[in-house]
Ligand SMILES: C[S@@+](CC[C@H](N)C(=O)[O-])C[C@H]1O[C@@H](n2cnc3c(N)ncnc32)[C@H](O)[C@@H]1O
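Below sits a lone chain in structure tokens, taken as the form predicted on its own.
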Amino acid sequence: MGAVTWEEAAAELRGALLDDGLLRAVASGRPDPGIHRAVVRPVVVKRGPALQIVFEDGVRPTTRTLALGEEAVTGVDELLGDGFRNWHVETAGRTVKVQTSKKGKVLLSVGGPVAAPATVAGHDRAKEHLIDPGDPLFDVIGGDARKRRQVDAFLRALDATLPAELPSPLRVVDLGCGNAYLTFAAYRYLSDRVPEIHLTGVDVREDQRDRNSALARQLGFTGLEFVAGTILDATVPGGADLVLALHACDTATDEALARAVGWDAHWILAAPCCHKDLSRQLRASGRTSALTRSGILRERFADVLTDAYRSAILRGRGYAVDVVEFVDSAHTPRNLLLKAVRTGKSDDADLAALSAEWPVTPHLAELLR
């Protein structure tokens, strides 16, 4: 780093912040009480490309979204005058760092772009996070290591399922969203990919709706809303292009899949949980086999049979279905994810074969009958 005047450093920072190739910027070290950190990143909103500035005060982040052009220039100039002593700005072409000592000495460093993350041998994906671990989102929803692993695994599965071009507005519904930390992560990630997104989180508990709605306002997520109601009866105007059902218990997953099919959703991601329905049916049937004689084997087999039936039913309804590991089993035992993409080509072969061998009545089949 070399010593410069603040005016020289500010000019370099201004150029980087307004660069078309801006990736991310962090300002910190503001000595006054209140806002102590600001994060700047490019976004695309309904009105077009913009700069988003998230101000953090340790309690409640606030967000400003500035349209590119005069509005962004004015906002950047105001930010540079806010007294932040430390800056780290990354663009596609360079990295700019500024440090200001308590005595006012200003050090400026301009280097090359941050190197692309290395890939792990035998893997086809980079190790980078799809949402930066330092994103203010995690200050609001919580950010322990386990939760961030689940967020990253979920977003990678979502990214692998969706095409490069998405409709705008993109209609997303999360059925049985609970405390909604994956809902918030989905909104953050998808809002960078499409100009307009409408995401609705559904949960039966009104207190969850109120809590999640407050957090959405705190984060400035204007396209995210929460409603209280059952999965089958909740009002969701306009239906959905993408349906999420993450760890909905037992037949609640079937209800979510049924609503997704009813909406003709293009994409479905469901992480089933607590498979009990078919296990009860197998036990009540009195049928004896090596797969069902032992209680623990019956329970585990029922898990597999339930998701096999769900996949087969969706294929019969015109979806291509893949079942993948959601998160490593070391982190959660409920680690399967059903990914379905609507193709319009129905295939009932799997369903016919399963029904012939295991004559149970899947709840999803009843709902779609």
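Please read these numbers as outputs of a predicted model, since none were measured by experiment. Just count from 1 along the sequence shown to find any residue number.
Not on display, but discussed next: the form predicted in complex with the ligand.
Novice: Hey, in the predicted complex, does Asp203 get a heavy atom within 4.5 angstroms of the ligand?
Specialist: It does: once the ligand is placed as it appears in the predicted complex, Asp203 has a heavy atom within 4.5 Å of it.
Novice: Find out whether any non-hydrogen atom of Gly75 is located within 4.5 angstroms of the ligand in the predicted complex, and reply yes or no.
Specialist: Heavy-atom contact with the ligand at 4.5 Å: absent for Gly75.
Novice: Considering only heavy atoms, tell me if Ile231 and the ligand come within 4.5 Å of each other in the predicted complex.
Specialist: Ile231 belongs to the contact set for the ligand.
Novice: Does at least one non-hydrogen atom of Lys147 fall within 4.5 angstroms of the ligand in the predicted complex?
Specialist: Lys147: contacts the ligand in the predicted complex.
Novice: Heavy atoms within 4.5 Å of the ligand in the predicted complex: which stretch among 215-223, 88-96, 172-180, 159-167?
Specialist: Result for this chain: 172-180.
Novice: Considering non-hydrogen atoms and a 4.5 Å limit, which listed residue (Leu297, Leu80, Val110, Cys249) is close to the ligand in the predicted complex?
Specialist: Spelling it out, the residue with a heavy atom inside the cut-off is Cys249.
Novice: If the cut-off is 4.5 angstroms on heavy atoms, which of these, Asp135, Glu255, Asp277, Asp241, is the one near the ligand in the predicted complex?
Specialist: Of the listed residues, the single hit is Glu255.
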